[in-house]
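Shown below, as structure tokens, is a lone chain in the form predicted on its own; questions about how it binds or moves come after it.
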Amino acid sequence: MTLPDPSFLVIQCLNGLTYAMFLFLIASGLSLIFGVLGILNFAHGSLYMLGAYFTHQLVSLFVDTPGQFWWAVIFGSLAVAAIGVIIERFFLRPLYVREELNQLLFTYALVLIFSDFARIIWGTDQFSVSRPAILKGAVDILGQYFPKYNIVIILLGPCIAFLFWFILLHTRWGRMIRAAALDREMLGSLGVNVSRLFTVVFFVGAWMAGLGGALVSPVSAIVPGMDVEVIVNAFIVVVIGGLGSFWGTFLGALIVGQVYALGILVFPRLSLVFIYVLMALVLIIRPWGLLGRPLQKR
């Protein structure tokens, strides 16, 4: 087997970083919801899919509006967050006192509902969104061309990560979120409206899923079923990094992105297998993830 050209290897690593940042946006919302609410939301991938569809729809409606893509990203992701609030407030909240199996079955049912909803509204055709004019084209990196849009995504991921890190560690809402993850009953006894806090957390988690779907729309086909693939990879990310660990999710996304991108160079047909093997090794050696902690019964 001949070694790939170094410049091509660099571009492939950058492609892996791009994929990792999309995974981080989705998986961090999934991990946040699990860490605070204790719910593994199978419908998180469906919210990602809706973010992509809403962005496509808004871009189509406002063709002549300056900055149409960015407006579509903002309002599309906020629409998904609003749907998340409705789900949490009217459907998930009564299930908090039920067994975990009921919560899992409900979120899985949402996957089926949203999938049929997408097919009814948009059909089964593939859609795509044009990249914003300012980010069209590519830059030369070691003689290879790499899209400007992907560079922005690579830079955007760490910015969002540090923003949420700052909010979680240095704001009142962040302290309450961390306290709720540790002991929600004690937090409630201190006078905090835990139900409202749960709604805010679900809003943020759903918004991150919608944002991921909105931003991926120019680089990936928008089709029914795109939710299933991404939720599987998002679960792998949080399992590797550690359920409920924010920086663990970031690390897990980086690892999965690079393993997938470099695996394509070595054995293209087995690129996904490497990710599952990696997850299995992490589960054997450190079942709670690289930066996670052993789960305690609430």
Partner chain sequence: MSKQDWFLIPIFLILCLVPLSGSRFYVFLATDILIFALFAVSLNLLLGYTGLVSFGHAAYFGIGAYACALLMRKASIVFPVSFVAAGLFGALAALIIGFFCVRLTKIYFAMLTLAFSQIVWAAAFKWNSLTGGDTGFIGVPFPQYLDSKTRYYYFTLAVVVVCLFIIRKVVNSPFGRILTTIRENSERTEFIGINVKFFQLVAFIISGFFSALAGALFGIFNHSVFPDFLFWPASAEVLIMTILGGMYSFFGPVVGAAVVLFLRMQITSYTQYWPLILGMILAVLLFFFPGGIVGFLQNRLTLLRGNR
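As the structure is a computational prediction, the values presented were derived from the model and not from experiment. Numbering follows the first chain given and starts at 1.
Note that the form predicted in complex with the partner chain isn't included here; everything after this is about it.
The stretch among 160 to 168, 173 to 181, 73 to 81, 97 to 105 whose residues place heavy atoms within 4.5 Å of the partner chain in the model of the complex is 97 to 105. Taken together, the three residues F24, I153 and F246 all stay farther than 4.5 Å from the partner chain in the model of the complex, as judged by their closest heavy atom. Among V239, A43, V256, V36, the residue placing a heavy atom within 4.5 Å of the partner chain in the model of the complex is V239. Checked against the partner chain in the model of the complex, the residues L32, L50, I231, V59 give one hit for a heavy atom within 4.5 Å, which is I231. Within 4.5 Å of any heavy atom of the partner chain in the model of the complex lies no heavy atom of R196. Proximity of L290 to the partner chain in the model of the complex: non-hydrogen atoms within 4.5 Å are absent; the residue sits far from the partner. The partner chain is not drawn, but in the model of the complex it has no heavy atom within 4.5 Å of L17.
Taking non-hydrogen atoms only, L112 approaches the partner chain to within 4.5 angstroms in the model of the complex. In this stretch, 5 to 29, not one residue has a heavy atom within 4.5 Å of the partner chain in the model of the complex; the partner itself is omitted from this view.
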